[in-house]
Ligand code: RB5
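In structure tokens, one chain follows: the form predicted alone.
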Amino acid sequence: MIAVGSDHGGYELKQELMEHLKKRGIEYKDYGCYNGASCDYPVYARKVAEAIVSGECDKGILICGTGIGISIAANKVKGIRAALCHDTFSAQATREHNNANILAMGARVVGPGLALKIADTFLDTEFSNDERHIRRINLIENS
């Protein structure tokens, strides 16, 4: 199950993303926002992050205008490794090396075509389980 969330700046892209996930047969849960009215991105970052930490969802995707604020807010939750990615290489690397559990994107930075490719890459890439990456993740988690 994929947790999906956005603020008003990411609302339209989130709608396209959820339609894309549905077409791929990927289950998701929408944690808001639910319209384009101005709202506070930390609220939705926390909802998605807590869904992952609780085990309700496996991974998450968060979208705001730039992806910066929403990724910072998500990373405040212990156990979350949210990665801001605006290209497929970063999305692949953060899954393989960092075992990132949330993808953050900026709707004002990437268009929907690229955003969907980034999301696919993030969701389809497995963690490498290399010892050096496990060691580094443990250093992040325990700092």
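Quick note: we count residues from 1 along the sequence shown, nothing fancier. The structure presented is a predicted model; accordingly, all values stated were derived computationally and were not measured.
What follows is about the form predicted in complex with this ligand, which we do not show.
- Gly69 belongs to the set of residues with a heavy atom inside 4.5 Å of this ligand in the predicted complex.
- Using a 4.5 Å cutoff between non-hydrogen atoms, Cys64 counts as a contact of this ligand in the predicted complex.
- The shortest heavy atom separation between Tyr31 and this ligand in the predicted complex exceeds 4.5 Å.
- In the predicted complex, no heavy atom of Lys76 sits within 4.5 Å of this ligand.
- For the three residues Asp7, Tyr41 and Arg108, a heavy atom within 4.5 Å of this ligand turns up in the predicted complex in every case.
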